[in-house]
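First, one chain by itself in structure tokens, the form predicted on its own.
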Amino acid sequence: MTPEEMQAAIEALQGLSNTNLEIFYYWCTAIMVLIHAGFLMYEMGASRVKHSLASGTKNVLAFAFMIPTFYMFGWLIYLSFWQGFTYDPVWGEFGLPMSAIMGPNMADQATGVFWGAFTLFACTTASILSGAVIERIRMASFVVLAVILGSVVWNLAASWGWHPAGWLVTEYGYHDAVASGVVHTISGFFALGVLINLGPRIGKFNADGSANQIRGHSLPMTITGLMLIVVGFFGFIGACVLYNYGVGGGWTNIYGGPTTLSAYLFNTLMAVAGGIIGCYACTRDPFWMMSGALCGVISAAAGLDLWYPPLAFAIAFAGGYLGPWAAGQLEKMGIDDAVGAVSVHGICGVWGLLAVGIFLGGYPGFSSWDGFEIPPINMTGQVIGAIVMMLTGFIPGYVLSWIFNKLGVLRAGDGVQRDGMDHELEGIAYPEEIRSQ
């Protein structure tokens, strides 16, 4: 083979590798849309009939508003604020909406599909808030809060802890391969901040502080929606793996450490099963048994690239038991989280970060960026990361909702809540709807 023929063969392989990258993330992003179909069904089913259409509409609007706002400034925040609150103009250039690569470009097969995957990460983060606040939040206020969460707050956290040069990663060895912290802890604690100011649904608590159970109108719809979220998570998890698009390909975790799709699949399936069984050990409530799949995956997510599968199962089992227990404790504190989002995402997310520190301490760090070294995994880094994620989620959620509440725009009026939030929409969920339900 002549040198010219060798160079042509290398270029052909490079082009094929780039195409493989583009196809992989394209379909991961498409599968992630199922998360939002699942959230929509899950929350509509968990709502009473008179609120169900409004609950679904919130999800549709959050999804729609997240895409242009992530394009305008969300991607820019992720790429350029990895040092903290200091803007990096070099990397920021790649996230500016007027950049040449932020659109069709025959010389760039990576930016569009990476942007798309991260956009769906942002949509997922915002949708987690949606279920917690059903049946009483004003639609416009929810959309604003969702955009702030998904296109601002989440991006900062991801830039700090889900970026190979992020300060949490390079200074403390923070490890969060599939976003226990940067998606789930952030969104769960943002939701907690909002719930404190939003208050409970009418009729949730009695004068003596005891709680009443408010049942949704369709448990089968809720369970089916939860299963769709689990399916969508396979796209989410796949998009958390980086493809080396040089000659030869191969996979790394989000930080550049070696991994395989097989490792992720072993541990994902074990975590789904462990979470369901853990919830079953805690409660016989079918809603929580299916929510346990999310508890399990979120609990195992931070170390999903490194777990021995039986250990992933055990960590997920613990998360599955922790989820409904934590929800019960929050309810005793007077917090009305309609679907358990704070406990499923926030509390289990923190457990996932700490589990990495407990069981993976000392594992070496890897970096895909020249000049940046990642320390070994350690408990201190995981604790600091968990605290940063909790505060980064809770503080803006609490402050913004407090301002909205003082302005009188956060919570729908009592009359609207009693009649049903669907009255604010041009439609009803079911022709045979009974308004008293």
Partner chain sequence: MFNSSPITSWEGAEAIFSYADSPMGMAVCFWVMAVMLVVPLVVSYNAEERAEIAHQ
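Numbering follows the first chain given and starts at 1. Remember, predicted model here, so these are calculated numbers, not experimental data.
The next section is about a form of this same protein that is not shown, the form predicted in complex with the partner chain.
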query: Joint contact, A100, A107 and V409 to the partner chain in the predicted complex, by non-hydrogen atom at 4.5 Å; finding: yes
query: is_contact(E424, the partner chain) in the predicted complex, heavy atom dist at most 4.5 Å; finding: yes
query: 4.5 angstroms heavy atom contact with the partner chain in the predicted complex for M72; finding: yes
query: Close approach of V144 to the partner chain in the predicted complex, 4.5 Å, heavy atom; finding: yes
query: Non-hydrogen atom contact W27 with the partner chain in the predicted complex at 4.5 angstroms; finding: no
query: Answer range among 349-357, 91-99, 253-261, 149-157 for contact with the partner chain, defined in the predicted complex as heavy atoms within 4.5 Å; finding: 91-99
query: In the predicted complex, the residue from A165, L311, L219, M139 that sits within 4.5 Å of the partner chain by heavy atoms; finding: M139
query: Residues within stretch 40-69 having a non-hydrogen atom within 4.5 Å of the partner chain in the predicted complex; finding: F65, P68, T69
